[in-house]
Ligand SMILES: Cc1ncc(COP(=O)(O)O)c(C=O)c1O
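Read the single chain below, which is given as structure tokens and is the form predicted on its own.
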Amino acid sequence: MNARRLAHLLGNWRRHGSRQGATDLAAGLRLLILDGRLPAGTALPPERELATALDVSRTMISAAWEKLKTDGLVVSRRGAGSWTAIPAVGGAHEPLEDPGTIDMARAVPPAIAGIAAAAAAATPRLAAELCSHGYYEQGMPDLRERLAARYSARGLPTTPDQILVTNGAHSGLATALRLFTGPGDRVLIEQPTYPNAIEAILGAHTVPVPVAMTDGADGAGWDLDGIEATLRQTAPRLAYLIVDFQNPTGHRLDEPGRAHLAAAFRRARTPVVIDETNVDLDFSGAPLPPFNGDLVLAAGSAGKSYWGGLRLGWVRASTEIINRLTAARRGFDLGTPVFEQLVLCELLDGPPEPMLDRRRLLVERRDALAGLLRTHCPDWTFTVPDGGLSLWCRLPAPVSTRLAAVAQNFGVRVAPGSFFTPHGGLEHYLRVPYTQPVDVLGDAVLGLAAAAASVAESRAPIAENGFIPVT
């Protein structure tokens, strides 16, 4: 990290004038470190260079460094310089996952820049909430107002009473299943689709009815006629679709296709949950209007846009459906955490630059992954999506499950195609996310290429995959 770049990241770091300059500078650096914009291990510029870039004395830089060393946020070694660190909390503990394994099964990026600042800004507001009971079954009014305004800005007029705040988009689907279905009822889904949605449908003792996605060569990816026929022939009680950068294919349903399907669901009187988890991850600069209809439940999430650790989502639907969902959720929970809602309010009110930076970074990683796969796995084919988080790769042979199992021996955890369908199959496909740093993606692709070569050389039986968490 050079001095000029660090000065730019610090921005207007002075808060209390020249007398507390070292304290203010330490506070600014502390925020950058805890916010992830200066990751642990980042080399800091020499004190003299930073003093020149900030137009302050070297003594002030040294004093700020000492404050951060006391907190364990900066480490120095004579002759080696200084670098950032994250202090241990609560003593040593065993890692939850093998640190030597690259996790390519979870298609989820780390926290967006600004989480720590939003949490700091939300803390004073939390104090005002402590005198209340803290239960908001439908969600805090301030957050629902902001979410409603986002839908209105996207072209779908929405009021706060049409928003239900949930514990993630997945919770919205689970609540919809509880409201609209019973054991043995059918639920229409895409094939392939999000594995955890399949688990929720099966967990509700309902029957998933998949409609195969097309190859997307015509720009669609959805079998519109097949969905209409399934609505007529199976009379599903609910449907679940991902029309914006579909997980795992990356397809996006165009505007005529949205109108076509909206009319089909309206005729069939079938409620449909539209998973909008990837809506913010649009690299095209040409956003499409939300999927609309009286029986449409748009399930959004802060997980992929901001940070999975917030565990916040929402459902946008008619006031009648929202009231029914609010009553139905009491079998699961009694609301979402107040502090996280306050943090999300701050993020939604914040400047657009962090989200723009997130998209630019994902584009860089997407293009890097595409190039790596073309070089090291030239017989794999894929379409580069205009958004989302992963490539859906077609393999030259039906070996996806074998490849995923063998890849763990080469230090890579990846989800095979069979995870994305309720009945198995899709052995020609593998989802490869581009959420890791470029150097990690390089190591992951080398591991996948080595695993693919191993599978091609040997047809011997192999052990089962075991449990692979997928997001």
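Just count from 1 along the sequence shown to find any residue number. Quantities reported herein were computed from a predicted structural model and do not represent experimental measurements.
Beyond the structure shown, there is the form predicted in complex with the named molecule, which is absent from this document and is the topic of what follows.
Of the heavy atoms in Y194, some are within 4.5 Å of the named molecule in the predicted complex. In the predicted complex, H170 approaches the named molecule with a heavy atom inside 4.5 Å. Contact between L312 and the named molecule in the predicted complex is found at the 4.5 Å heavy atom cutoff.
Shown alone here, A174 lies farther than 4.5 Å from the named molecule in the predicted complex, counting heavy atoms only.
This chain is displayed without the named molecule, yet in the predicted complex the stretch 240 to 248 from 240 to 248, 319 to 327, 110 to 118, 141 to 149 comes within 4.5 Å of it by heavy atoms. Of the residues given (Q341, T277, S400, T230), T277 alone sits with a heavy atom within 4.5 Å of the named molecule in the predicted complex.
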